[in-house]
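Below you will find one chain, with nothing else, as structure tokens; this is the form predicted alone, and questions on how it binds or moves follow later.
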Amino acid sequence: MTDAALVGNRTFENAEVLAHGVAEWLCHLAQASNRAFAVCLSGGSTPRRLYQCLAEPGIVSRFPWRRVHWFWGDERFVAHDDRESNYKMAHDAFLSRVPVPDNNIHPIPTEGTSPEQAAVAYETTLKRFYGAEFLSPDRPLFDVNLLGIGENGHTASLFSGQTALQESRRWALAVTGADPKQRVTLTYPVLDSSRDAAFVVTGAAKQKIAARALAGDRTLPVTMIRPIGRLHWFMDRAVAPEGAN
């Protein structure tokens, strides 16, 4: 679907098996690293069960929490305790239940600021963690980037027809007009700065859009993700196109 190194599709029997499988995959990658390890989280309802699996005893006891840092690919511009907040979903599902240092959690700011100011502030946060003003093609920002796909083909808060799709310089942008809620999103260059990028997709409602994306439909924002590392598609049988492994 892209010029990235597509590792391939992995199909799980159902959403529950997928959640456990991807949690184990993430745990293995984090364990295999011997340095600070950066994960970019997606929002929406799909990854909730995956996040909950990270807080289950079998994984929480093995996960190297003290050196893993957590970021977000996008956020609705709502308070962090709002039920539509991507931060709140991840916080409730696992971050509040595991021994992760507070300084390792890097939410997009949404209170006491504007979406435009929040985007600038988050860009500063990312650059400070990365240690440079510009992204290098041989040094990914994220070790793992967990991505979703909307039924309209968006990923993060990159929607069709938005100017954010053409942004190549900024690391984060405010998004207005694509949704009733204002949002902040990371841009393609930052999302692509990933050692392992993984689309996590479940449910029959995503079957048609996933098939279009995997076929390379360039009218969909999701198909423009081109990580500098490996690209994975993790799906359950309800969404996997016929013939997927």
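Just so we're clear, the structure is a prediction, and the values are computed from it rather than from any experiment. Each residue number is its position in the shown sequence, starting from 1.
Just so it is clear, the following notes concern the form predicted in complex with a small molecule, a form of the same protein that is not shown.
Visitor: Where does the small molecule sit in the predicted bound form: which of 97 to 105, 167 to 175, 124 to 132, 152 to 160, heavy atoms within 4.5 Å?
Guide: Answer to the contact question: 152 to 160.
Visitor: Between the options T219, Q31, S45, S61, which residue brings a heavy atom to within 4.5 Å of the small molecule in the predicted bound form?
Guide: Filtering the options by heavy-atom distance leaves S45.
Visitor: So in the predicted bound form, does D74 come within 4.5 Å of the small molecule, heavy atom to heavy atom?
Guide: Yes, D74 sits close enough to the small molecule in the predicted bound form that at least one of its heavy atoms falls within 4.5 Å.
Visitor: Can you tell me if N86 lies within 4.5 angstroms of the small molecule in the predicted bound form, counting non-hydrogen atoms only?
Guide: Yes.
Visitor: Residue-level contact is defined here as any heavy atom of the residue lying within 4.5 Å of the small molecule in the predicted bound form; does P115 satisfy this criterion?
Guide: No, P115 is distant from the partner.
Visitor: With a cut-off of 4.5 Å between heavy atoms, is P140 one of the residues that contacts the small molecule in the predicted bound form?
Guide: Flag for P140 set to no.
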